[in-house]
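Here we start with a single chain on its own, the form predicted on its own, put down as structure tokens.
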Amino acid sequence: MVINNKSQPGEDHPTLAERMGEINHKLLVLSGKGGVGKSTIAVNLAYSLALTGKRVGLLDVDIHGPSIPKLLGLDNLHVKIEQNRILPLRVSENLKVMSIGFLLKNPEEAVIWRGPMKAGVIKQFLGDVEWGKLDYLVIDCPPGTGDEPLSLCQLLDDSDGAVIVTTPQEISLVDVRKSINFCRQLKLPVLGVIENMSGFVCPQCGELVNVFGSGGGEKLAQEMAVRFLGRIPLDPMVVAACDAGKPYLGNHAEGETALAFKRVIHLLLQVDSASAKGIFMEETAITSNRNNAKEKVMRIAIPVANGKLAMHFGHCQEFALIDVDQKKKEIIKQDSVPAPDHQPGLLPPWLAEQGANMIIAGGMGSRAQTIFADNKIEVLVGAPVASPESIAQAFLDGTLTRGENACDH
């Protein structure tokens, strides 16, 4: 393969900044361990973004185990290199892809490189590949927190953040905690957690079987105060699509799995209307609101029953609407409004009309959280039963103690 293995991480690359400057959003797809379907998520994420008309690049930086070529049916193809430019393969009109697999003589060739060599190749993938103008660059990283994601974070100081993929069982969640802490240490925003292989729907009887358990990813997201993007069911058609080298979403537009993918993509598309850093996930949005407190007062909505936080969000008596000054850490104003009659899907737009841009609740289902996100309302769950003013003040002081999500649907 024609690759400059002498490039070192600390060396400047003459075209890297220029090429990356032509890409609006850069999303890293991470996982704490292998076998959770991270590359499958990355492929379908990139493919579905391209289907919406976005110009998308998909970069596979798993140097030792590149799987993107196989998942796209490109495992026997090679890229062209012309005048120090690497020309990525084009999957469709809106989707380009690059992988180390396109530079190997055969798919079974082993890449035996140490860290500096891998870092140099990643730098070339960013600086030498002629991506052109893109709306999104989706980067599929290898499992763990090693050389490849570290090199990317050092090279991309303007990436929107990371999407972290897990399966529901605890053995996967332990490693996801490490991935989130890795992102925080490197000041890389966590865009959210996807719980993959979350339940299996029997194609014969329709019964849902939680093969690996369920809800672990959502619980972890709550514990770590990051956005939960949704659950993707275990689906035999996804497996068949991967083996055939055809993106699942390119051939299946309906069904629970396709709808689950679309809900996740819908949340990620909000990066377009957020800041250049893609700040739409919970913890970073809160920080952004704090930094812009002079420009915009935050209004917190808290469901109330008998003067205290109501654990049943959808059937509370009233909502406390509390305006706060995050810079001064003060409550400016507090009102209460009667809750409307319970109707599915009513509360998100209704609270948006009340001017709320944050909800603090005892619990809320993942689907409801997604609808609130669509209405640009942040959600914190796991709050204790207490007076609304004490909850709001604890949030401002950074002392709000949060437990488990009281809602399991």
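All residue numbers refer to positions in the sequence shown, first residue = 1. From a predicted model like this one, the values you see are computed outputs, not experimental measurements.
We do not show the form predicted together with adenosine-5'-diphosphate, though everything after this point is about it.
Could you tell me which of 316 to 324, 168 to 176, 90 to 98, 192 to 200 sits within 4.5 Å of adenosine-5'-diphosphate in the model of the complex, going by non-hydrogen atoms?
In the other structure, the partner sits against 192 to 200.
Is there a non-hydrogen atom of residue 40 within 4.5 angstroms of a non-hydrogen atom of adenosine-5'-diphosphate in the model of the complex?
Contact with adenosine-5'-diphosphate, yes.
Classify residue 75 as contacting or not contacting adenosine-5'-diphosphate in the model of the complex by the rule of any non-hydrogen atom within 4.5 angstroms, answering yes or no.
No, residue 75 sits far enough from adenosine-5'-diphosphate in the model of the complex that none of its heavy atoms falls within 4.5 Å.
In the model of the complex, does residue 357 come within 4.5 Å of adenosine-5'-diphosphate, counting heavy atoms only?
Result no; residue 357 lies far from adenosine-5'-diphosphate in the model of the complex.
So, in the model of the complex, is residue 67 in contact with adenosine-5'-diphosphate at a 4.5 angstroms heavy atom limit?
So residue 67 counts as contacting adenosine-5'-diphosphate.
With adenosine-5'-diphosphate left out of view, choose which of 128, 135, 147, 235 has a non-hydrogen atom within 4.5 angstroms of it in the model of the complex.
Comparing distances to adenosine-5'-diphosphate in the model of the complex, the residue within 4.5 Å is 235.
Which of these residues, 347, 36, 59, 50, gets a heavy atom within 4.5 Å of adenosine-5'-diphosphate in the model of the complex?
Contact check passes for 36.
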